[in-house]
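The chain below stands alone and is given in structure tokens; this is the form predicted alone.
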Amino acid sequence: MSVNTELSARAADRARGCPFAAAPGHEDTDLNGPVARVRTPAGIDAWMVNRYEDVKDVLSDTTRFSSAAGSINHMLPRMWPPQPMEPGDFNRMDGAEHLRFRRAFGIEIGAAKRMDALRPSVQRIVDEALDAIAGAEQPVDFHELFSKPVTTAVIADLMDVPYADRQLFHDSAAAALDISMDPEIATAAFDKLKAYVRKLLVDRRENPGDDALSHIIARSEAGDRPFTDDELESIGFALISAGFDVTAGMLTFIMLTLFEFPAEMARLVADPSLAPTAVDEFVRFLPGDVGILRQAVADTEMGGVQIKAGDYVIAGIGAAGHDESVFPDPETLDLARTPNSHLSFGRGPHACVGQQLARLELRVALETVLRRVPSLRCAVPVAEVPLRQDNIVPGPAHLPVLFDAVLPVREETP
């Protein structure tokens, strides 16, 4: 099925060029070319790499490309890449120091056994969210009343924190991802969540439970080099604030895309076993990010361009997902596409540590929504759905939907 629609065109533009401009002196640069010299919203000049193999190379080869500048700091002026690293800022670490953090919390949001244990609670959360919207006045905003509550509740469940504290998570995530947010407001939101995490640390040491933070504290204290409180605070902060907004945005974007491609939606309804490949195809097809920042640590060559040590490099994961040399007919949404080795969750040592949790949430939500709300439809023409303009995570700002009924859980049980 062709994707020559307004939605897909806007998505592709976002992935392949916008919001970058050609760097001074490179005004004739083809931003969609293999390697382009660009100026980012944070004001740094960088090399934008777009071909699949080059993007994979940048993300995987830590001998040539460092994560010290931060993965998204090219997008947020208040997170200027050269700024000093704070204690526990593991996203900016390389090598063994980064691995020390990743091992501590990766098992909580990535291990297969942990995902199997989490699935029943994710299913319960999704069902409760559908029950909640069943009686709501229509049209219902799918993003605000389903995607955000589901992903927030999953994180709250994982950390065993009250769902009622969700505004703290929302404010922090907005501060982390909003391009236009005032730095003072962003700092205030971060400080509130950090103070909250500090209280959690005290509580979990005195009253350890079966939650991610308790597990991480216990694992740390049993190790050769326990984390400091500042480091644990950073881990807790990242777990609470990082996961839900990105996943919520993707979930809403997936639903909008299904409305745009009703034949693919009918295909998935007829064959729910496609859900696993469908999730990865949506993640490939839709731009989840505008690129991941790296910094060259050695002189190198890429796509015929000489890159010097110290230069910033942006791995264009969205463009890589549409590289026809890797993905046949890349502008076609094929929910059964295999293989599908997209780079949307990154690659190498810094590949998204929460990708299995994200896949679990998206899969359960997708399967359940299509099964329990078969009449779900967009309340306005797809082209009129507003997309986010001030957030580095693309997707609908709101998604008004209509439905005839939400089927009860018992009717879906064989």
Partner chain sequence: MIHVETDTDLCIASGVCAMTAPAVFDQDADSGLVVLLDADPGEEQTAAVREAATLCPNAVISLIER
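These figures come from a predicted structure and were not determined experimentally. Positions refer to the first chain, counted from 1.
The form predicted in complex with the partner chain is left out here; the points below concern that form.
Participant: Can you say which of 234 to 242, 328 to 336, 147 to 155, 103 to 111 gets within 4.5 Å of the partner chain in the predicted bound form, counting heavy atoms only?
Facilitator: After filtering at 4.5 Å, what remains is 103 to 111.
Participant: For the three residues 179, 187 and 388, which mark the spot I'm curious about, does each lie within 4.5 Å of the partner chain in the predicted bound form through at least one heavy atom?
Facilitator: No, none of 179, 187 and 388 comes within 4.5 Å of the partner chain in the predicted bound form.
Participant: So the partner chain isn't shown here. In the predicted bound form, which residue out of 372, 37, 51, 347 has a non-hydrogen atom within 4.5 Å of it?
Facilitator: By the 4.5 Å criterion, the partner-contacting residue is 347.
Participant: Quick check on this chain: which one of 355, 66, 368, 29 has a heavy atom within 4.5 Å of the partner chain in the predicted bound form?
Facilitator: Residue within 4.5 Å of the partner: 355.
Participant: Just to confirm, residue 78 within 4.5 Å of the partner chain in the predicted bound form by heavy atoms?
Facilitator: Residue 78: no contact with the partner chain in the predicted bound form.
Participant: So in the predicted bound form, does any heavy atom of residue 341 sit within 4.5 Å of the partner chain?
Facilitator: Yes - in the predicted bound form, heavy atoms of residue 341 and the partner chain come within 4.5 Å of each other.
Participant: Does the partner chain get within 4.5 angstroms of any non-hydrogen atom of residue 132 in the predicted bound form?
Facilitator: Heavy-atom contact with the partner chain at 4.5 Å: absent for residue 132.
Participant: Answer for residue 115 alone: is it within 4.5 Å of the partner chain in the predicted bound form, judged on heavy atom distances?
Facilitator: Yes, residue 115 sits close enough to the partner chain in the predicted bound form that at least one of its heavy atoms falls within 4.5 Å.
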